[in-house]
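Below you'll find only one chain, the form predicted alone, shown as C-alpha cells.
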C-alpha cells in the first residue's frame, strides 16, 4: 500500500512523537554524552533493521523516518562534540565524533544483518 501525502505526514508525525518521547526518556536515565551515543547507536540499529525487514512503505514511514528520525539526534551530537572540543580539547572531540560515527555505522549494519537473517 502506498501512503497518500496526508497519511505519510501523519505516520511520520506519530512516529516522530514516539521517537522524541523515547529520546527524552533515555536522556532521563543516561546523562551527558553517553546518552547521545546510546540513542544514535540504538536508533541506527533500529533503522538498519527497518531497512532490511520486509515491511511496507507505511511502516517504514512510521518507524524509519518518524521514530528513528526523532529518536536519533544529530544536533545533540554536534553540540556535544563542540563542547568536548571546548572543555577537553580537539582530540577529545575527534575521539567522541569518531566513536559515535563508528558505533552508529556498526549498529546499522548489525541491525540490517539481523533483520535479513530473521526475515530472509
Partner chain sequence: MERTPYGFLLVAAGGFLGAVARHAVDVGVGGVLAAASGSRLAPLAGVPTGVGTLVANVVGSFALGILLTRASSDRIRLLVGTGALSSFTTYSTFVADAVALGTPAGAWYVGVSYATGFAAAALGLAVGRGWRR
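Positions refer to the first chain, counted from 1. Keep in mind the model is a prediction, meaning the values are calculated, not measured.
Beyond the structure shown, there is the form predicted together with the partner chain, which is absent from this document and is the topic of what follows.
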For residue 113, is any heavy atom within 4.5 Å of the partner chain in the predicted complex, or not? no
Contact flag, residue 47 vs the partner chain in the predicted complex, heavy atom cut 4.5 Å: yes
Taking the partner chain as it sits in the predicted complex, is residue 76 near enough to touch it, meaning that at least one heavy atom pair lies within 4.5 angstroms? yes
Residue 68, heavy atom within 4.5 angstroms of the partner chain in the predicted complex: yes
Even though the chain is shown alone, can you say which residues of 77 to 101 have a heavy atom within 4.5 Å of the partner chain in the predicted complex? 77, 78, 79, 81, 82, 83, 97, 100, 101
